[in-house]
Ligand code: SAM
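We begin with a single chain expressed as structure tokens, specifically the form predicted on its own.
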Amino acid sequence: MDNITHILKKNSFTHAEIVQLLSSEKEARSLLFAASAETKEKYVGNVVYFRGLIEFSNICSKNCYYCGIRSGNKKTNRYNLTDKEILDAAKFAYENNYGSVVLQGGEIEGEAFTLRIEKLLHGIKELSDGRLGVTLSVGEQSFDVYKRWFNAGAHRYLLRIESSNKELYYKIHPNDSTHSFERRMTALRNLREAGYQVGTGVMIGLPFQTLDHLADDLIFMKEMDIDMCGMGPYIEHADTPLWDFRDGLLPLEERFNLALKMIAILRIMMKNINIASATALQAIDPIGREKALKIGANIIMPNITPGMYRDEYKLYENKPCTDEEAADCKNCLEARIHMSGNKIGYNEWGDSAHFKERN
């Protein structure tokens, strides 16, 4: 216990110390969570910012082995919201004082897709008189495309690495030109150069993954000097290749607790970045997102996708809140956030303090 206390007094951790923190249980884990909660309150405050999540399409060119909307899954009902449906959802966010939206979809490249996102960004800025912040999460693109979208009004971008270990990366992705580890890394650097607040993240509890991998992931995020992070527990999907390895996975509760420890350690390591409380946490624990907010997360993403499409954007099994409409989700989350001891930063972009400090 004394050793954990000693480690937690430091501002930076070695690989071995991170592994020890990830291994912590009971009283040691409580010490970790208390330290991360204190760090969160000191550096970002007990304020949670909303990002209205618009999952606008589940059409994807990638064939990742863990993902329910992978191109090779023929059982998925594909959909693509109309521009009007997307803008109506953004309007809901604006009228309900969310401050920001996230446009998230499968990974597609090409001029038609680039132009569509560009026009949607202009539309969102117009309907909100420039007041809605916009995060994009639509995968790997060229630097020129990232710059076009930045100039059109996007200012945050989430591109999850899923694993910073190249060998593990190719165990969860096909090893081909469409799924290049190097291109993923280049894309993250291009996003920074294009001017974005850059976010990444990993899945926790993957097949073949070790605590050493996860410690390296945290060090990777620190060295990349990211501005925001979205990570959560791996939850298997029956229509994916990794389903075959489900019997060797950590129990769901262990994956959940490991995800909370990852959030807590990252909060201490990168004190003023934005950290999202992932929906996957709630898929395991009914109050999973609130637990993450208590110990370090400060971003939550209410789903404002039209209800009839929500069940089709199924990256994993047991996705929560697929039977709700946007207003239901808002009311539910307001109550949950207040229960967690936080307040909601309405009408605020909630930009990364880390990004502002660096710039």
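A residue's number is simply how far along the shown sequence it sits, counting from 1. The structure displayed is predicted, hence computed values, not measured ones.
Below, we turn to the form predicted together with the ligand, even though it does not appear here.
Listed residues 180, 272, 73, 104 were compared with the ligand in the predicted complex; 104 is the one with a heavy atom within 4.5 Å.
Note on contacts: among 162, 285, 239, 88, the single residue with a heavy atom within 4.5 Å of the ligand in the predicted complex is 162. From the list 38-46, 290-298, 59-67, 23-31, the contact stretch for the ligand in the predicted complex under a 4.5 Å heavy atom rule is 59-67. Proximity of residue 205 to the ligand in the predicted complex: non-hydrogen atoms within 4.5 Å are absent; the residue sits far from the partner. Although the partner is absent here, residue 149 is not a contact residue: none of its heavy atoms lies within 4.5 angstroms of the ligand in the predicted complex.
In the predicted complex, at least one heavy atom of residue 233 sits within 4.5 Å of a heavy atom of the ligand. Proximity of residue 137 to the ligand in the predicted complex falls within the 4.5 Å heavy atom cutoff.
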